[in-house]
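Coming up is one lone chain in structure tokens, specifically the form predicted on its own.
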């Protein structure tokens, strides 16, 4: 299908942020074109796919059962000294998505609501013209120039569109997670699937390793590391070591690698006739690198502000800046706290992780004995149990 030469809203990138924005704007009666550079939406998957269920249900509503690869009943932490700490709930506390089906499902819902969705389309050379934008679209070896009133950049961590506009600069190495992941088979299935976290300098310097179940004997096994602490390509080497030492029975069937933003402070995400959403805006959570829930919440907000601006006719930066302001006061506020926590996390050594998991295990024993409190009280007790951890966390208090 040939792209049009004019549309009200152009959204670049059909990840969760782009597709969710397209869905909500189409539901609001706006004319939307959603383009994706890859041949297939949701492929390749560069995501560990685990998240809590609350945001997903609140933002999306009813979920297609095919989107859920596995429920999650709790977590298991593995310390550098070999200590294993686990917590298992009676009911699922989260899920691991099938991102291929999830991303395609969101894009399909956007199309059903009235948005036009095109793949194999690259957007480049955006320029402001009058009260709108002109963007070049390349598809099947041809190019077309498209005019739109509102441009939405949801093109991921590469952020080619927003970089071309001068809105964002390349990510500093210290504000990135370097990640590698393998999809594996051959693991022992669990009756109540748990997610694993592997901590310490041997497993993942400045980060953590994970195993997220995806059903039966399958799982995502991966890690993220702090780039200044490792050399180029180290994430892949560390992943190979993690698989060999911790999951010798696993057989890898697919490998992926990439980077995730871990910003210290918010970026500019609004300009005249322009909004930036998801990883392109640096909306991933700085400590864990999780980005799906934030992308969905950012998309909801961006779509609402955009629909109001389109209705009023004021697509200036001033007319759209409520998106930046409300994001900063809401989810953005929590991300700033997580950025502080990341700085604390990067200060920890193997001895700290060993102490923290030992103290956590002691507190969880109290939970299991019926003296259950809040997560905050649990973490507070852990901190109080280690003066060294408390001293390192002083800048967070």
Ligand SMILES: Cc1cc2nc3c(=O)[nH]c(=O)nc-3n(C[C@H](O)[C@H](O)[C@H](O)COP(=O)(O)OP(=O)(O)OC[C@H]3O[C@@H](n4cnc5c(N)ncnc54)[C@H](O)[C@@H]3O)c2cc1C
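Residue numbers count along the first chain shown, from 1. Quantities reported herein were computed from a predicted structural model and do not represent experimental measurements.
What follows is about the form predicted in complex with this ligand, which we do not show.
Stretch 147 to 155 is the contacting one of 74 to 82, 301 to 309, 147 to 155, 183 to 191, since its residues have non-hydrogen atoms within 4.5 Å of this ligand in the model of the complex. In the model of the complex, this ligand lies farther than 4.5 Å from every heavy atom of residue 204. By the criterion of a heavy atom within 4.5 Å, residue 356 is excluded from the residues contacting this ligand in the model of the complex. This ligand is not shown here, and in the model of the complex it never comes within 4.5 Å of any heavy atom of residue 69. Within this chain, residue 49 lines the site of this ligand in the model of the complex, having a heavy atom no more than 4.5 Å away. This chain lacks the partner; the member of 260, 274, 242, 167 within 4.5 angstroms of this ligand in the model of the complex by a non-hydrogen atom is 260.
The contact residue chosen from 199, 123, 250, 320 relative to this ligand in the model of the complex is 123, the criterion being a non-hydrogen atom within 4.5 angstroms. Residues from 15 to 33 that approach this ligand in the model of the complex with a non-hydrogen atom closer than or equal to 4.5 Å are 15, 16, 17, 18, in the order they occur in the chain.
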